[in-house]
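What follows is a single chain, given as structure tokens, in the form predicted alone.
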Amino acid sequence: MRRALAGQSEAVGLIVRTLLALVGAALVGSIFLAIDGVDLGFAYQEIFEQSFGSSFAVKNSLIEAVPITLVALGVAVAFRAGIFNLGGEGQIYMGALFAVLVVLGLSGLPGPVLIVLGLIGGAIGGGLWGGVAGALRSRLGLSEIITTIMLNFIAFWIVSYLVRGPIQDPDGAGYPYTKEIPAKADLPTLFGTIPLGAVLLVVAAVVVWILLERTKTGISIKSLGAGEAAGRFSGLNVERTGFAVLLIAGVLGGLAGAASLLGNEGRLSDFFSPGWGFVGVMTALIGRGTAIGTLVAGLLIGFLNNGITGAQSAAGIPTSTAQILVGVFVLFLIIVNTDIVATALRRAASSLKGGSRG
């Protein structure tokens, strides 16, 4: 009973903090929109319409949220272990690379089989890339912050080289991308609105929650997050756990790349990711390292990104201002989800309850 009430209270707190972030971002964003001479009422109406206003808008918003949230879940798992996985971008690229190689190489297989193998290939590619960082950390004692950042650059340039040479589409007029994957390998859309990638996203969030909250591995991960010295004292194999955490994070990052390739992009290209890996770090911070919080944060950012992008032309919002709006909203989300602000809001809510009883 207490656990259920605590979960309900946290859910209400998350909604309140999100509304506060939206109001703060709208107020600050209005300044920039007014400077650009944009009609504020029409602009915000268009953002809402492009985010939620139709089944087509919802579908595109979910597609935008999939890679951001999947890679963020990997970052969240690492956070719980006290490990900073900043390599989501590289894991996305390697996941997409493995997925496109599998799908194009086995294009004669039936569509459902291709989809499954493509997702597995993406998970393996990202897992290998995360595992490299994990091995460097556990075997050589190298900082995962440095290695994951450097692996991002290496993954990007490997893909850039390949799509400009060995795996470039020979009929692509010289553009740096691969052949398009067969239509039968595209992730389907359920009920005309929900892309299969979004279902995968929810399943991944549930699996991460079970892993962290209901398994011995989750206990080990959180023990490592409490401190390496304490972990060693309790008999925890710190090196093995750290390696496993970055491997898991890589798998989720690789799935993000594969899901985007099969669910929307259709081919691997230079600059395949617009920065999903880095947005994923912020998303995990907003979600406070929890599976459900990260899922909610990723969906919010996905819907907002799609809404602002879609409203740009209709409302006449300059690209720079659109990016400012997204950045301000994310900043406010991070601020209202800090421990200090969250605690203050809980105290304020308790005071209001106490006052109403009196």
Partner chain sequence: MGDFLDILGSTALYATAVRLALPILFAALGEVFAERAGLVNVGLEGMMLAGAFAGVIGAHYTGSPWLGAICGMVAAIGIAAIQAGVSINLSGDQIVVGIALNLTVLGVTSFLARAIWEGGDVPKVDGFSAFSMPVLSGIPALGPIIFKQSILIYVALIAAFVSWWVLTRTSWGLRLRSCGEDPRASDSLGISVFAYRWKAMIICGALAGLGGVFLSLGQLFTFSDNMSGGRGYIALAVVIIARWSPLRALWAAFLFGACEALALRTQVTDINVPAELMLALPYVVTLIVYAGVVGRSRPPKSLGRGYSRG
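Rigid core (definition): largest C-alpha set, two forms, superposition within 1.5 Å. Note that the coordinates shown come from a computational prediction; the quantities given were computed from them, not determined experimentally. Numbering follows the first chain given and starts at 1.
Not pictured, yet referred to below: the form predicted together with its partner chain.
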Contact at L33, T321 and T338 by its partner chain in the predicted complex, all three, heavy atom at most 4.5 Å: yes
Heavy atom of V202 within 4.5 Å of its partner chain in the predicted complex: no
Contact of G141 with its partner chain in the predicted complex (heavy atom, 4.5 Å): yes
In the predicted complex, V281 touching its partner chain (heavy atom, 4.5 Å): yes
Heavy atom of A314 within 4.5 Å of its partner chain in the predicted complex: no
The unique member of I63, A291, A26, V326 whose heavy atoms fall within 4.5 Å of its partner chain in the predicted complex: V326
Listed residue that, although its partner chain is not shown, lies within 4.5 Å of it in the predicted complex (heavy atoms), from L211, A230, I145, V113: I145
Which of 218 to 226, 191 to 199, 117 to 125, 79 to 87 lines the interface with its partner chain in the predicted complex (heavy atom within 4.5 Å): 79 to 87
Per-residue C-alpha change between this form and the one not shown, D36, threshold 2 Å, rigid core fit: yes
Exceeds or equals 2 Å, Cα of I317 between this form and the one not shown, core fit: yes
Inter-Cα distance between N305 and T319 in the predicted complex, nearer or further [3 Å or more]: closer
Direction of C-alpha distance change in the predicted complex, A322 to T283 (at least 3 Å): closer
